[in-house]
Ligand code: GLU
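Quick heads-up: it's one chain on its own, the form predicted alone, in structure tokens.
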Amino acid sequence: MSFTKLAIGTVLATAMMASTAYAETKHVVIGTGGQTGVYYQVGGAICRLVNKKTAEHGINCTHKTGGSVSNINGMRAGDLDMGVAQSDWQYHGYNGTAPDKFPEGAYTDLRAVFSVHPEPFTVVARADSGITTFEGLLGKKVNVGNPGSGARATMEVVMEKMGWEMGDFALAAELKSSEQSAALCDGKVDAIVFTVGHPSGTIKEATTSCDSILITVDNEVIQKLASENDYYDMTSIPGGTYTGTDTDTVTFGVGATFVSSTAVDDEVVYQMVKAVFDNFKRFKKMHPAFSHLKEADMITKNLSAPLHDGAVRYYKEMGWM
């Protein structure tokens, strides 16, 4: 065989192999949150670790913005394979206990994969707004969050327990997380409400672009809410985390969780979990909110839906279960 024919044959064979590999590649889409929030960083971190070994396991990962509720509904509709969701909305999605958010009822195919960082319910007010307490939000311009986000859904739960309605605010803005800091400092709103891991880029922007303070969220109603629901807990944001607030800010919170469904192949979930925990030290360095994560907590805490079989396989191999 001539060199030319051999070269052509090699090129064709290589092209065929590449085409076959591409055809077999499993494309996984993760629903995250706004680009300035930690959910977006969670999805990005997982995808970077997974995509480093696409050639070995044939999985390619991408992520898109969304929010807790929309991510769970997106998985149910088949638009997403996995998603990041607050622990309370994982619970409500699986059990169907929030019909206004999950109109199709209990999503029993929802599966937990692991939990990530804690997420305090965070209220930030412009220093000149006159807001010094949580109750001080009444009559003010407040960003309650965009529909579909876990932050908005949690705010609605809190409002219901407090006996508040949207009309009790001078303005109930529905801005995305990426828009709210600028709105606060531009005077379009007096305060923003955000359920988020810390440190948060959004909150950092709000507290450095203008004089702003974190507001304590701690009263009998909130304490009762936290004590009666396992997916909530009283917590605090350490003083000094943000400019303008030097003392700890007491509030309640949830946990960020990574979820999937029975529709996603066990092998895919196994490889996704393996990519994170085989590179755990690196994962923890990918965002400050991940720095204190512990494997034992991530596979047990804040998980209201059954663990995905693919995740269980990895955890058993590691001797964690």
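From 1 onward, residues are counted along the sequence shown. All values reported here derive from a predicted model rather than from experimental measurement.
The form predicted in complex with this ligand is left out here; the points below concern that form.
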Q) Taking Gln90, Gly253 and Asn302 together, does each of them reach this ligand in the predicted bound form with some heavy atom inside 4.5 Å? A) no
Q: Just one of 93-101, 191-199, 128-136, 227-235 has residues with a heavy atom within 4.5 Å of this ligand in the predicted bound form, so point it out.
A: 191-199
Q.
Looking at Val38, Val269, Ala45, Val28 here, can you tell me which has any non-hydrogen atom within 4.5 angstroms of this ligand in the predicted bound form?
A. Val38
Q: Check whether Asn143 has any heavy atom within 4.5 Å of a heavy atom of this ligand in the predicted bound form, and answer yes or no.
A: no
Q. Quick one: is Ser68 in contact with this ligand in the predicted bound form, heavy atoms, 4.5 Å cut-off?
A. yes
Q. Would Ala151 sit within 4.5 Å of this ligand in the predicted bound form, counting heavy atoms only?
A. yes
Q: Let me know which residues along 105-140 have a heavy atom within 4.5 Å of this ligand in the predicted bound form, or say none if there are none.
A: Glu119
